[in-house]
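Quick heads-up: it's one chain on its own, the form predicted alone, in structure tokens.
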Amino acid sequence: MAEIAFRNVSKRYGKTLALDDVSFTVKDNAFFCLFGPPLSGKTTILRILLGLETPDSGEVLIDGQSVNRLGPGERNIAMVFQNLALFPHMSAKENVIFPLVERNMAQKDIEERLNDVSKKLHITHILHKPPSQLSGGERQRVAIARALVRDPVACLMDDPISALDARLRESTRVELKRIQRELGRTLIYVTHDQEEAMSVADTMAILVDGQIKQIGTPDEIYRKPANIAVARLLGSPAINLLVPNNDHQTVSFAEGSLLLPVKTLPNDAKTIGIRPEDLKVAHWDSKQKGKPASVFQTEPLGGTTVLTLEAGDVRLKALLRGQPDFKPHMLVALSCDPARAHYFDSSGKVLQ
């Protein structure tokens, strides 16, 4: 196992800047996630790390040594592809040991590695089956076993569970965490699905337009986004972004439907962000200050309900527990704990 690092890596394809001075470090035995929208540079990072692309500038380090001049076969990095790429004419066992057979490893050593990885991934009972007879989750584990059986310094995963149905994705995320924890392997996971990124990663790097906007734990990034771009990417429903209107003692938002004390607003704040779960909604009472908002739509989701609210030309989202008694066109009062809000300056950076 080894620490992996990018140092000021840039990559351009013609006039398109795919990576712009990217730097990050993946610690040994970490579950590291590259998260961002499509075309943000995630796959380019994987290709450079694998040795399939050469950076225009900067260095890629494995265990402190530059690998810029090393080919893919010399880096000992495994890959689990989005479509898994299992050989359909081979059994699960033949798929798993394929990298070892190609390296002419002794049969005894092959069997030892196969037994070890198949037990840890719980696939011993399906090794005789071809991929066509395996479930989506079983194929996923076989693909991971094939990557890990060669004892790589790191395993890369390019959105490997996006093709699975929702329920299977949930169980597979749990499996991935267990596998990484029990095997103690460095795992770099690429996805554009925020639920996957936040549920599996020890550390996340947020990519937007070829730049890393923030690195931290999922909880750190969600609770303290570095800028508006990061705040928008994480959270479902998305964060509410509002422009303040200062009126001496109070600051109004959303056409006067949300009021906060002036003293809670930083001087340079040009935008306030409120997570839907932090927006409080109550039935309107004429004695309340400010103006009412109205319920535009309700989305009951079982344990939670999403409300779409209208305040003049502004629409907001609120995430409430259970199934509260709110109906379309109903007037409601909005409030928020100022300590739970996020404040951004004119450039979109967060104000501490």
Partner chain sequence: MKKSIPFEVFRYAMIALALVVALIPIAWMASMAFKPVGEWSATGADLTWWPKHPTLFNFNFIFGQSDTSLIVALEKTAAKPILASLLSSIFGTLIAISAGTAAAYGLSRFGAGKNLPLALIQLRIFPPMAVMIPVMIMWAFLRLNDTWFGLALVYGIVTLPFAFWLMKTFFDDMPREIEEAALVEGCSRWRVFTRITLPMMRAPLASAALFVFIMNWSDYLIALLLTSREWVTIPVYMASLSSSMTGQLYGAKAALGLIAAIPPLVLGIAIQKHLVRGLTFGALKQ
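Just so we're on the same page, rigid core means the largest C-alpha set that superposes within 1.5 Å between forms. Here the structure is a predicted model, which means the values were calculated and not measured. Residue numbers count along the first chain shown, from 1.
Separately, the form predicted together with the partner chain exists; it is not shown, and the next lines address it.
Exactly one of the stretches 190-198, 270-278, 77-85, 170-178 approaches the partner chain in the model of the complex with heavy atoms within 4.5 Å, and it is 77-85. Though the partner is left out of this view, R146 does reach within 4.5 Å of the partner chain in the model of the complex, counting heavy atoms only. Within this chain, E182 is remote from the site of the partner chain in the model of the complex, having no heavy atom within 4.5 Å. Residue contact with the partner chain in the model of the complex: G136 places no heavy atom within 4.5 Å of it.
Residue contact with the partner chain in the model of the complex: R47 places a heavy atom within 4.5 Å of it. In summary, among the residues V306, L61, L70, L52, the only one with a non-hydrogen atom within 4.5 Å of the partner chain in the model of the complex is L52. With the partner removed from view, the residue among K119, K108, H125, R103 that has a non-hydrogen atom within 4.5 Å of the partner chain in the model of the complex turns out to be R103. Q180 shows a C-alpha shift below 2 Å between the shown form and the other one [criterion: core-superposed Cα displacement of 2 Å]. Relative to the superposed core, K108 undergoes a C-alpha shift smaller than 2 Å between the shown form and the other one.
Put the two forms on the same core and the Cα of Q214 is off by less than 2 Å between the shown form and the other one.
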